[in-house]
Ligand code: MLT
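Encoded as structure tokens, the following chain is the form predicted on its own, with no partner shown.
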């Protein structure tokens, strides 16, 4: 069963759907809504269980999250959109490309990876999900995930940004966090999806990201038939939050070019 997603919807023009990272919400896209809504219709949903969206009772699955996004398209009257996803949002964007390719005008994959989890990474996710269920809090994410979400430059020089990210992690509902970890642990390899993609792609990575590395971004760009790769300087995993101006400029140029070529 799909879940009706809560989404912020601002601006007019070519639809740009941005899917948030784990363990945040659509609140992470504040500067994208402010910086891009003068040129595009910027739609930022809360994925199931996060922010204003309910969790539902389905088994944990990235495919279920992608189907929710497809349901949102129909509900708000969007026929096709440029779909961008960061980290977990990238996993959902790739699943959307596989399951609902007709909805995707172009794809932005930021700070994400196409490979499935290694056995060790999968085991770590499941351990964290169990800890969240046991404790009823997201403390394990504050201890183990938060430190890797921003790069050392942001940690040293952008205390307000780091504080905002910490607040978003703290606000994550524990059931959603545990569900999403199990969904990501079960996700399949997406390289076949990328190799078959019929639309242009923009792949982005922060040069200080240790979670989804530049090498992993390059592997995705190499697999895609029509992709450009951008490495964002002085940014860690949350490149859109750490370097919003550079992120917004790249996305705006990519989406505007798509809008011109598709009429």
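Positions refer to the first chain, counted from 1. These numbers come from a predicted model, not from an experiment.
The following text describes the form predicted together with D-malate, which does not appear among the structures shown.
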Option from 155 to 163, 170 to 178, 80 to 88, 130 to 138 whose residues, in the predicted complex, bring a heavy atom within 4.5 Å of D-malate: 80 to 88
In the predicted complex, residue 184 touching D-malate (heavy atom, 4.5 Å): yes
D-malate contact at residue 96 in the predicted complex, heavy atom, 4.5 Å: no
D-malate contact in the predicted complex: residue 22, any heavy atom under 4.5 Å: yes
Residue 211, heavy atom within 4.5 angstroms of D-malate in the predicted complex: yes
Neighbours of D-malate in the predicted complex among 36 to 70 [non-hydrogen atom within 4.5 angstroms]: none
